[in-house]
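Two forms, one chain: they're shown below as structure tokens, one block per form, named structure 1 and structure 2.
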Structure 1
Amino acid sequence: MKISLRDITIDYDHLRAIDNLSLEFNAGEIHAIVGENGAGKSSLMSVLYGLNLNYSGKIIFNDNEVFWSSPRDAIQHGIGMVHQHFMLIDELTVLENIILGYEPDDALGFINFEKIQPEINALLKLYDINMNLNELVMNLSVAQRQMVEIIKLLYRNAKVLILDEPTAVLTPNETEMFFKTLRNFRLEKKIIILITHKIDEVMVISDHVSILRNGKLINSSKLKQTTKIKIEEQIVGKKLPKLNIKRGIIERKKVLEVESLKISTRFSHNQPIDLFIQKGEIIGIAGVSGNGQNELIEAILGVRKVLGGSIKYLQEDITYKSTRHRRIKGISFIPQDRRKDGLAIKSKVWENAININLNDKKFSIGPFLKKKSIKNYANQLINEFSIKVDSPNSSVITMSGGNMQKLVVARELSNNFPLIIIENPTWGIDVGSIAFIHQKILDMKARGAAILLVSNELDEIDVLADSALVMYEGKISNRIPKDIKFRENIASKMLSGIHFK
């Protein structure tokens, strides 16, 4: 079995997304496709699974030229994709989700669950997947949900599995389990196409790697014939700058002080929370997402109810102050979900270049906007943070994820506020943007900002933080100092959880 793309070209209005690209995918191979955001990975895949019909070129599947009229058509011919955002219904069971849309019903429209359950169980056994079919999807972890999406494709008899950033939501442990399953697919001669940003994982799991840049295929070769450094350079198109880590001075001046804080969350039995951040210091909060990090940030920002304790910002008690008050006083915030919390993505770039500083005389007089100077300011940010966008008048929604994130970072850091709260700043963005954003965060530290960095990526905390705390089920650990065993210490607390302190 083999599927090939021949001379694929995709043109959007005035943009060539894919330029005369040919690729081959073989059975029993894990084929990684890597590239920066906007390199054309998604466009290419959308052709393969029948979403994009406006392309020129050919798809050859088992020596026949094929044309899918829709994703449903593609899946009927054995090609399925798992998206980054899952398409599951929380209120249904795993089994119901799996068969949804392809129900094995009889002439009267009744579904024979008794008959289908053993069939799916056999599938699970074949690939050594552990899953309770009668559990409600809402009770599953993210990793399990992802597995449900994959089982869905297996049930529909997919021979080609396209996986879009599958490990972005997984912990190191879960990733390992996931790779085990992928290897089982490989044994069963499936074609596995893995779209990813994480080069380390490409090195571990893939057999073949193809690098895309600006819609062109830069290189496609067996993994053995290339190296990590080569791949990275091919992705970016130049050598990556090394992070310039200025250690700076940490002053013994507490910018943020959280004392015996109790927040209304499902973890409230594990509180209170204590922590402080000093001037010029980056405190990392590690832990698997969903262990109360988000709730802590919301409490600090004043959008979640505080039940007790206090939050002090530069000696001022802000526990019960409004979000507006806190932000104006000098708290910057870079949220994880840039599309929902960080930007108004349907608004224009210039409208997103300012928010809390709109009252600045530079940007408004009385009730009126000074549009021109806001646009100039936006232009300034675009240049300074090398954001790729047509103009300040473009809609944010037209930008790639990495550039959206750069816009958020640019807006929040340019205020030069004393306290910066950052939540997974590099989630799902490309290598080049990650390096850039990391450097900007370090620069802010060198300028004396106090930074709270919540991250699910151990690497990120390892590179940036001066010391770290681990959150587990709402509980927060003692400070873990940055020493030789920094990573190990964090990792062990992440796993042991309850036993720390």
Structure 2
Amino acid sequence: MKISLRDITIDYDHLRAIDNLSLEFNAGEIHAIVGENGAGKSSLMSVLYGLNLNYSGKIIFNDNEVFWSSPRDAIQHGIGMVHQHFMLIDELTVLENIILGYEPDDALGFINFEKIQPEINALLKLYDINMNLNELVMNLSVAQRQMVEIIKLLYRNAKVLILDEPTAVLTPNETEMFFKTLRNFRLEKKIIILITHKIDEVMVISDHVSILRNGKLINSSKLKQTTKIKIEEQIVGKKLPKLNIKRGIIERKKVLEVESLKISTRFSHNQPIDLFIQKGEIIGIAGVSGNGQNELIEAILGVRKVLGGSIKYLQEDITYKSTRHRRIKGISFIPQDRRKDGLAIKSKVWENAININLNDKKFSIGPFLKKKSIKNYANQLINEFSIKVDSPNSSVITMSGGNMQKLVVARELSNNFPLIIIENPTWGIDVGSIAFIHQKILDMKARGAAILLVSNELDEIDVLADSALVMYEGKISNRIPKDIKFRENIASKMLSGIHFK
């Protein structure tokens, strides 16, 4: 089996998203597609999956030219896609989600679950997938939800699997299990197309790698014919700059103090949490996603009710103050979910650029906005943070995920607030943008900001943090110093929870 995209061109108004691009995908091959945010990866796959019908060029499927009228048409021909944001219904079981929209019924129109379940169990056995079909999706981990999406494709007899950032929110162990499943798919001669920003994973799992930049194909080759450094340079068009790791302001002034904090999590044995951050310091919070990190951040921001203990910001007790009070006092927040928590995606870029500075006299007079000043400010952010967008008048929803993230980072860091709380700042973005955002975070530290960095990426904690804490099942470890065993000590606590107070 073979599928080709030939001379594909896509234009969005005056913007050329894909420029005369051709690629070929072969059975029994894991083909990685990499590139900067906005390089055209998703646009290209939208053609292959039948989401975008406004293109020029051809799709060749097993030597025949085809045209998909919709994703359903593509699925019927064996092409399936797992999107970065899952499309599951929490209130339904795994089995119900798998068959949704493709429910086989009996002569009376009723779904025959007793017939379907053995068929799907046979699929799970074939690919060595462990899944309880009767479990509600709301009770599943992120990795399990992703696997449900993949099983949906297998149930529809997909021969081509398009996977968009599949490991973005997986732990190292979950990623390894996921790769084992992909290798099983490869043995069954399926075509696996992997859209990813994680070059280390490309080097581990892929057979072929294609690099896109500004809608053009820069290179496409067998993995063994290239190197990690070459791939990174081809993605950004130049050598990646080395991080300038400046020391922060050396001043033993506590900016944030959390003492004996009690919060509610899904774990029954929650323990009081203690931590502090000083001026010019980055403290990392590591841990497998779902171990209480989100609940801790919500408590510090005033979104989650505190059951006991105290939170002090610049010596002011803010334990029971509103989120608005905390933000006005000078707490920046970069959330993990930029679409849900970071931006009003249906609003304009300029509206999102100042939504925490509406009372600033530079941008408003009473209830009236100074739109010209705001748009000039938004343009400054666009230029300083290399945000790819037509203008401040563009809707955020038209931006790529990485450029949305840059907009959030630009807005929050440009305030120069004393405390910055960051959750997974480089989730789902390209290698060039990661280096850029990391440098901006280090620059803020050098200016004296206290930074609380929550990240699922051990590499990110290792590069940025001065010391680290680990959260495991609602408990928090003692501070781990930055020494030669820094990564090793973090990893051991992440996986086992040993040596917790």
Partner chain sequence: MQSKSFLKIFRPTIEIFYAFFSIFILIFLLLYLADANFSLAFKGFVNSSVGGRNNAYLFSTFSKMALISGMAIAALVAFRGGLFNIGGEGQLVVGGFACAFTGLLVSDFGFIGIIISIISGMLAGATWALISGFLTIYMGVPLLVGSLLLNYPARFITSYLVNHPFRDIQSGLPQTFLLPKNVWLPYFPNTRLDLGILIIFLVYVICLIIFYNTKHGYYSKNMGHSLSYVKLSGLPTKKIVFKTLALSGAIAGIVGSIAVLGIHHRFTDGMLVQPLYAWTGIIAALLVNLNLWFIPLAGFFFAAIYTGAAGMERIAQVPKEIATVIQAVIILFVVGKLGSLSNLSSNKGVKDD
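Residue numbering: sequential along structure 1, first residue numbered 1. Keep in mind that this is a model prediction, so the values were computed, not measured. Heads up, when I say rigid core I mean the largest set of C-alphas that superpose within 1.5 Å between the two forms.
S.K.: Which number, 1 or 2, marks the form predicted in complex with its partner chain?
M.R.: The chain shown first - structure 1 - is the form that fits the description.
S.K.: Comparing between the two structures on the rigid core, is the C-alpha shift at L381 2 Å or larger?
M.R.: Yes, its C-alpha moves 2 Å or more.
S.K.: Establish whether a shift of 2 Å or more occurs at the C-alpha of N352 between the two structures, with the two forms superposed on the rigid core.
M.R.: The answer is yes; the displacement is at least 2 Å.
S.K.: Tell me whether S400 is among the residues that move between the two structures (Cα shift of 2 angstroms or more, core superposed).
M.R.: Passes the 2 Å threshold, so yes.
S.K.: Let me know the CA shift of D341 between the two structures in Å, rounded to one decimal, core fitted.
M.R.: Here the C-alpha difference is 2.5 Å.
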